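In structure tokens, one chain follows: the form predicted alone.
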């Protein structure tokens, strides 16, 4: 029982401004790793959780009932595992409460690692339902806008009404994503509870029109239409005040040439879409604006075709 597998799952941009709870985009070069190995026993255990610095994480529990990685892995193992147990080790690469799909990345990396230990591994799409079990624990709701892109890569449409089915969307040519993470935290579950419970028909129609227009713009690589439609008129106005650098960063991004800029998930991270040739300048402008507000930050530039989770050698 010495088989050991390590899987990587990328961070993600949830909502993508126009698609609250049903649109997500995978990122490159940042994500979580989970190591899984078979052990004696019959359940999934969590040996350790390490943070960004490689040390034991000071906040995340190694109680298997309280971690998205082990909860997701246990759901998969219950249905497809054999007569042994699984030990997990989690290495966080995504900051907590960052709006970058931290809990989703752990859940996805865990199911991908455990799946590789099965005698008959499942296709990636079949792992979504198990990863969602972990995400539900963290966020308090069933939404796949971080889990699905982290698992499958690219730009994913995943409204609850279609789950467990999702739709991989075409992406516009020559467009990159820039994500800025300020040194702040926003609790996703708490942010969801604070949202208004009802909206006007006019708001709903406007946002649905923006979503439809954005999807059409991506399919046609229509840059002007992306610029017109990449907006959130319902959720962003309720959440942006919790991110003190939001106005300055979004304004700087647009001045540098961004097609649009909004919160990633519930924040505090902020993303922008822009031409590939302008991505580094947009990232620099966003970082500068954030630091001018007295807030440290880091940023990533990612193609819109970033791959999903994978087993590492």
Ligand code: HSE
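Residue numbers count along the first chain shown, from 1. Predicted model, so just to flag it, every value in this text is computed and none were measured.
One more form of this protein should be noted, the form predicted together with L-homoserine, which is absent from this view; the next part is about it.
- Heavy atoms within 4.5 Å of L-homoserine in the model of the complex are found in exactly one of 135-143, 148-156, 166-174, 196-204, that being 135-143.
- In the model of the complex, L-homoserine lies within 4.5 Å of some heavy atom of residue 266.
- Contact annotation: residue 300 falls outside 4.5 Å of L-homoserine in the model of the complex, judged by heavy atom distances.
- Residue contact check for residue 80: none of its heavy atoms lie within 4.5 Å of L-homoserine in the model of the complex.
- When L-homoserine is considered in the model of the complex, residue 239 lines it closely, a heavy atom lying within 4.5 Å.
- Contact annotation for 153-173: no residue has a non-hydrogen atom within 4.5 angstroms of L-homoserine in the model of the complex.
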